[in-house]
Every structure is written in C-alpha cells, then in structure tokens.
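In the form predicted alone, a lone chain appears below as structure tokens.
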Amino acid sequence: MSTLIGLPKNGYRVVPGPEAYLSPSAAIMGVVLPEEGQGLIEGEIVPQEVAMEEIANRLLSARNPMLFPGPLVLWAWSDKAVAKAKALQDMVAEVPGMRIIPMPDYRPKYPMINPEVEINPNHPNLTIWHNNIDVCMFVGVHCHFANLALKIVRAGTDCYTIALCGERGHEDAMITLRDVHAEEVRKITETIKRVKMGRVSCQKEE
C-alpha cells in the first residue's frame, strides 16, 4: 500500500504497532517535521500531494475508517473552525463506511469512557480495540494531546494513524500533514474522489 520502499534516511519508520509497551518518540528516533508544502509518510518527508494521495488510498482501503475530531474543530470558537468542521463532514461522506468518534475534551475518563461515544486521549487504544478500527484520522486535537495519543496507539494497537495538523504536523503518526485548514481538507476530499473514481474505472475494465 505504501508509496515508499525501504527505510527513511533516518533509519526509523513509523508504522502500525503494537511496537512496545513504551514506544519511542519518533522525534528521538530521528524523524523530523515537514516544511511548508510537505508531509510525512511513515517518517519520510514527501510532497504534500503525495501524502494526500496516500491518505486517500489508506482511507478507501480501510475496513473500518474513523475520524477523531478534537475540540479545535468540534466547538464553533471561530469562523475558521466552523469552515474546517464542515469540510471534514464532506470528506467523511466521500469515504464508504467512515464514521466519527469525537474527542470533546481531555479530562481523564478511564474506566468510565464509552468507547462508542467518544475517544479519550489518555486511553485511545480502548476505543480502537472496542470498535476494531484499522485506520483513524486525528484532526483538531491540541498538539501535546495528539502526540500522547498517537504514541499510545502505536504502542498497543495495529491501527494506521493519520494526523491533520493546523500547525507543524505530528511525527508520531504514520501519515501527517501540516498547516491543514478548510482549504487543505477540501483538497484531500477531491483527492479521495479522484482515487475512488480511478478504482471504479479499473474495476469496470476488469
């Protein structure tokens, strides 16, 4: 599935786990954040368009894809947040079977959390295990909580993680994009549509 072959230059690939009880930080292992117009695929810096295409392929190939939106897009605290949330809803509608489990706040809820209703960043593995999620996307989650949750997911599950960040990106995700706002989400949606149409054409030819 991956568009890449071999190891990144730093020698460490960020792939689905379970990796270890305490998985190492990707940054400690030499993974660096992308610059403007770039993304990361499993620790390797690639052009933004390549990362978007891989996101589309991963989502469309998933058995049970899931969007985990955080407070930055769940609450209408600005016009930009509202626009981004609407763009995300349009994106989810283009991925067959994709659902949404929100992360409305970061207060510890274990063991009382209902994993069908929300995701707890302190124990995201519980929601992933309970719902058999194989590909998930984090968006609108404050960076420090996203980094924590992504490490826990990599440590204890085999879920493929995607992180759309409004800032610099998240090296602990399998795929990450930086500077993602409503316009970038719409570009991902258009990429999903294009990839989906390409798959339908291939099936017809067969």
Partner chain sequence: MEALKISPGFEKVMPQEYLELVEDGPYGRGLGVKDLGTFKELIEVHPLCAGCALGLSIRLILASLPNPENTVIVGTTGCNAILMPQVAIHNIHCLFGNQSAVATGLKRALRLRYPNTHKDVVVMAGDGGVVDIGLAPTMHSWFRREQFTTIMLDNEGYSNTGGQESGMTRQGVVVNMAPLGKKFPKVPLHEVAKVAGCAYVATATPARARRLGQMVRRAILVAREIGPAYVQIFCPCSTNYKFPPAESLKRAKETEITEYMVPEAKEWIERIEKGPKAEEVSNEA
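Predicted model, so just to flag it, every value in this text is computed and none were measured. Residue numbers count along the first chain shown, from 1.
What follows is about the form predicted in complex with the partner chain, which we do not show.
Peer 1: Within 4.5 Å of the partner chain in the model of the complex: all of Gln89, Pro108 and Val117, by heavy atom?
Peer 2: Every residue of the candidate spot has a heavy atom within 4.5 Å of the partner chain in the model of the complex.
Peer 1: Of these, Pro34, Pro69, Gly156, Pro65, which has a heavy atom no more than 4.5 Å from the partner chain in the model of the complex?
Peer 2: None of the others qualify; the residue that does is Pro69.
Peer 1: Does Trp75 reach the partner chain in the model of the complex if we count a contact as any heavy atom within 4.5 Å?
Peer 2: The answer is yes: Trp75 has a heavy atom within 4.5 Å of the partner chain.
Peer 1: Answer with yes or no whether Ala85 is in contact with the partner chain in the model of the complex, where contact means some heavy atom within 4.5 Å.
Peer 2: Yes, Ala85 sits close enough to the partner chain in the model of the complex that at least one of its heavy atoms falls within 4.5 Å.
Peer 1: Considering non-hydrogen atoms and a 4.5 Å limit, does the partner chain approach Val95 in the model of the complex?
Peer 2: Flag for Val95 set to no.
Peer 1: Is there any non-hydrogen atom of Leu126 lying within 4.5 Å of the partner chain in the model of the complex?
Peer 2: Heavy-atom contact with the partner chain at 4.5 Å: absent for Leu126.
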